[in-house]
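The form predicted on its own is given below as one chain in structure tokens.
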């Protein structure tokens, strides 16, 4: 049984690694001849809009899924006429447009930040007047890891953004002084079975996820229930199949949905070592209609992204309970090269393990100061 995957980055790499023990085979399509999956699976190097390549790619596949949400919807629809595609193209379409995404949340009764559509400098001025500053301006499409975003705090920031305004739709969102950022990972099978992981607390620098703590410290049952309710509404409304991630701001004891990703997600990497069933295996189980695995945590975890450069493997692996994942990418600023997961039986033991990481991790971008502060949420 061969599964087709659109996108050949590290998420696809980890999907394949989770699928091989299940007896699955994989074929990837990615425009880059350097996509990491070339080391472990058949890779078709072609543009996502190349219909001849898509036709050839789809031949003999059981189904197609994706590990990258900016795959053109037209490619997903083209393939869906030939082979089952999960999650459905409608979910991909909704997640690619922040305005459509926020509209879906509102339609389903899921609270969001206040927002306004923007397409020119005049509309931006009107939106700022209505929502006030500070605010965040984002491209409606194709932005990720902090790309395509402007933080507006002052009139000078507004003037600079107006001078850089790209063509196309944008969205202005009122800045929310949130307590923390959380994400929920939920999975729905083709037979309707649903499973949800505990909420994860995330810390970003420059728009890129640096540290995830799982399960989220100080996690109160009403917050978990609210996240699960939101996830179930999205899954059911889209007749969704596969793994879905929704990112939230926690604000005054309530959750505000920020955005969703129709795929396995960076904030779920901890599940490889830290949950009974990883997000990657559960995604494959879901799209194949197999029984879903338990989403229960196997302790407390911290996941740290390795961005731009790498530590010495020997120094990381010298730390007890540390698990190192390298993606086989060449280093460059801002690029995700790997991650480290630490798992421990208690928050206190996890804090100890984090303190034992080598000096490489003492840089501010790893957010260890957050995790190790005396009042840190790790001390639940």
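The structure displayed is predicted, hence computed values, not measured ones. Positions refer to the first chain, counted from 1.
Keep in mind the form predicted together with adenosine monophosphate is missing from the figure; the text below concerns it.
Highlighted residues 149, 176 and 204: every one comes within 4.5 Å of adenosine monophosphate in the predicted bound form, counting any heavy atom. When adenosine monophosphate is considered in the predicted bound form, residue 278 lies well away from it, no heavy atom lying within 4.5 Å.
Adenosine monophosphate is not shown here, but in the predicted bound form it comes within 4.5 Å of a heavy atom of residue 98.
Heavy atoms of residue 74 never reach within 4.5 Å of adenosine monophosphate in the predicted bound form, leaving it off the interface. Interface residue remark: residue 133 is not counted as part of the site for adenosine monophosphate in the predicted bound form, having no heavy atom within 4.5 Å. For the options 266, 113, 189, 140, the residue carrying a heavy atom within 4.5 angstroms of adenosine monophosphate in the predicted bound form is 113. Contact with adenosine monophosphate in the predicted bound form, defined as a heavy atom within 4.5 Å, holds for exactly one of 123, 181, 93, 193, namely 181. Heavy atoms within 4.5 Å of adenosine monophosphate in the predicted bound form belong, among the stretches 193-201, 254-262, 211-219, 290-298, to residues of 254-262.
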